[in-house]
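Just one chain is shown here, as structure tokens, and it is the form predicted alone.
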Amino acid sequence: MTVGPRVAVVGAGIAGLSAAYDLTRAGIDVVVIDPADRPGGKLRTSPFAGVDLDESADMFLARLPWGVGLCRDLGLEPALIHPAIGSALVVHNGRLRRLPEGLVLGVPSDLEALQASGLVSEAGLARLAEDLARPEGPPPEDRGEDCTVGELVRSRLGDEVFEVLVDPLLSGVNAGRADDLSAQLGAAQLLAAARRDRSLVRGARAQLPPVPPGGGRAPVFAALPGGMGTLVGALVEAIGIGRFRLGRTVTELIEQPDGRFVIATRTAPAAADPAYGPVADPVASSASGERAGSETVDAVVLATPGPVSAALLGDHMAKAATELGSLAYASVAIIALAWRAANVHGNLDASGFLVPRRSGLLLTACSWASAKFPHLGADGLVRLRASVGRSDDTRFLALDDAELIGRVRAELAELMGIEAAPVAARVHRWLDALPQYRPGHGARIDAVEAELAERLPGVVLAGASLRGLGIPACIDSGRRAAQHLLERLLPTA
């Protein structure tokens, strides 16, 4: 009897699950290996104060096709919901102020709305007027080079707009500094706007989606009522739980003379983080575990953080491994809090607020979960999700959970006037969780993948360490990895 090809997917985060799903649908025998005791990686939903609440990302960009597309394939599209409130706030001079309409990754497209918001000084508005006075049309030359978002925005619009609007938004996404962030990977919309028109404001206006007949705009974000765990659960069911090898850390990737691979594993230490935890020494940490065996496969998807992939590829391609291993990560924490509605004063008429780094607060953002998704407050509790941690702000790591909750409560009391003790509080720490894309990262990943295709054509990469850390980008990377292997393993399909 002819046995079909077998593929190991290392990493059961959303990228690995997406790859395994497509491979399984194509008839490939798949095994998914992960050190955690549950699949999902950084997507986790768990009970909190009587409801299912996400411990990390709770929604994804709907304008990118890959998240909605996967939900459609899984039969989840009819269940998708969208935030009930589209507007957000920002901390400005110690107070919460509403962000103006028409922002494109923080770049204003409606100067009247920006002026009315009071967020930018007359000098800052004058700088924006200078940008609009530039001649129409694309810049005279574009060398196609990557730059930081800070270089792009500061040079066009000045420091104030960047520090008040752009950096808080992007820092809330990747927990880094927009002054260090690759514009190509971290703000592709702004880079496209800058290449479209000498005026960044005009270029940003062109990025806004058209207003459909009857007014309103298409939803920006999508979510699932039961949280992102619903997506993980649907993928696991479609793949088949019997294909998963959980609680195992891959310690070695061995290429065989016939081009196949042996995946050596150990049982993961009991304290292993569900999303691989700190990635400084990802393979050595498995030494305390017992050898769990091995899997022999025809191809491998490494849907793992950069340093984990680097440790497994180091014996095969040192240059590429060094590149992957050098990728920096930021640590963050999500603090969930619940209060009785009577103890929360004022209208929660926004999706939450952002915090500029110059405020000095520990908070980086706060999502008003029960306002954004009303079903999370149907029982009369107000639920918030506060975020802390940036690549250049690790103060929270020195605080235990009780201290961290106390610090966050004090800042929320200052900003929102919530003095009462919460009825429930939960801290979830994501250590070394968010990759920091520096300028030129995309080109470096291109070079890594080119070397991989030449040296180990049966191994492909997927995940947030490549070209995007959002849920849709990770789904896309996983499905692309699967398609690449399908073309190799089933060339006539």
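Position 1 is the first residue in the sequence shown; the rest follow in order. Values in this document were obtained by computation on a predicted structure and should not be read as measured data.
Below, we refer to the form predicted in complex with a small molecule, which is not included among the displayed structures.
Q: Contact with the small molecule in the predicted bound form for residue 178, defined as at least one heavy atom pair within 4.5 Å: yes or no?
A: Flag for residue 178 set to no.
Q: Residue 108: heavy atom within 4.5 Å of the small molecule in the predicted bound form?
A: The answer is no: residue 108 has no heavy atom within 4.5 Å of the small molecule.
Q: Are any of the heavy atoms in residue 452 no more than 4.5 Å from a heavy atom of the small molecule in the predicted bound form?
A: Output for residue 452 is no: heavy atoms all beyond 4.5 Å of the small molecule.
Q: Residue-level contact is defined here as any heavy atom of the residue lying within 4.5 Å of the small molecule in the predicted bound form; does residue 57 satisfy this criterion?
A: Residue 57: yes, in contact with the small molecule in the predicted bound form.
Q: Of the residues 370, 249, 171, 199, which one places a heavy atom within 4.5 Å of the small molecule in the predicted bound form?
A: Contact check passes for 249.
Q: Counting any non-hydrogen atom inside 4.5 Å, which residue from 448, 33, 460, 30 sits next to the small molecule in the predicted bound form?
A: If I apply the 4.5 Å criterion carefully, the residue I get is 33.
Q: Given a 4.5 Å cut-off on heavy atoms, tell me which of 440-448, 65-73, 460-468, 45-53 is the interface stretch with the small molecule in the predicted bound form.
A: Stretch with heavy atoms near the partner: 460-468.
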